[in-house]
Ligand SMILES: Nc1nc2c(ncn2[C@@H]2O[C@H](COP(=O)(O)OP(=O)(O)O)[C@@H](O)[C@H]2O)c(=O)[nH]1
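Next up: just one chain, as structure tokens, the form predicted on its own.
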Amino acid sequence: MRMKTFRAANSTAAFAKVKADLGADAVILSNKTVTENGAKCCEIVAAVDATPTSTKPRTKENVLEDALTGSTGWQREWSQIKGQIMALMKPQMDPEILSPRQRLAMEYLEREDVDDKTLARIFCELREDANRSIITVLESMVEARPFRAGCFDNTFHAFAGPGGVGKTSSLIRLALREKKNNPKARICLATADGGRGKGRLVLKHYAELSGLAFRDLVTREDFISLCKESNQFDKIFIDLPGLPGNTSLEDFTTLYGIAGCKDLSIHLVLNPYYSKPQFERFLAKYKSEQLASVIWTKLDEACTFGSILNMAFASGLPVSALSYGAGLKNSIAPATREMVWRLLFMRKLPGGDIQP
């Protein structure tokens, strides 16, 4: 990661220098007023992923070579091993071993884009007992931990995930739901996007409309200050930005001092219609000990829901909330297993609508 210090007469000019030099993906490490030559000015320390430059001409062949070289050997080997294992296992998954009811359920899950690893686990469980229901197998693979009091009682809740998945909308929906259920709740909305994203304006707007507190987390010191005043709030919802390049969630939370917060749960926000390789990348990029659940959004736009089962099996993370529809009110529900089963097998959204 490359760090650089910028100084200008005011913060607007300093941010402009950061963007011009390091780009929009720069992470702000500190923002303070200093004295230079007897005059006060704004000093910003920013960082960005260090991408090594190459002297080779950027041909198609060189781009491919760089991509393959940049991927670590063990990742390629493990991917090959997994592929070989699945190739060996699939012919052994004789559907005739299963009862007609079990076979029908397996065929349905395959159409819902449940991946081979997950299907292999389900098959191994079912073949031991011809009378076993597939739901009892799935219950051992999918955990639901509803986003509500009694399940997530910590003060800080951060929302992470790739850009465009609906982190900001999910945060606002959960905050409004919390306020509706408990009108006396003291709630704070915070953004850690460095003041650059549209989500900041949306959060601030809804905070003002709903009588909620709002905080900007531009620097590490801002998060420290929020921790000091956290006893004034019952819940603090933090909107994390989409992470650029090779920056991981652990890198980001360490930079901002969030990693040291013991009273924090991070929720991974995802859509069900990403590809299998993208989900694998997200799982690696957002790996963290503070990751507590997965929130699924834009369910009304999805064609299949097998990825919910795939992610639960691959990550071991519980599903905490299900979001759907364009509105911000009454469009998110704390997840239960029954909701997941209805979504997976009946295509029924938590609000009662049926997906075509």
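In this text the structure is predicted, and so the values were computed from the model without any measurement. So that there is no doubt, residue numbering starts at 1 and follows the sequence shown.
If you look for the form predicted in complex with the named molecule, you will not find it shown, but the lines that follow are about it.
- The stretch in contact with the named molecule in the predicted complex, judged by heavy atoms within 4.5 Å, is 325 to 333, chosen from 325 to 333, 37 to 45, 303 to 311, 284 to 292.
- The candidate spot formed by G163, S169 and R173 lies fully in contact with the named molecule in the predicted complex, as each residue has a heavy atom within 4.5 Å of it.
- Mapping the unseen interface onto this chain, T297 counts among the residues with a heavy atom inside 4.5 Å of the named molecule in the predicted complex.
- If you take 202 to 224 and check each residue for a heavy atom within 4.5 Å of the named molecule in the predicted complex, you get nothing at all.
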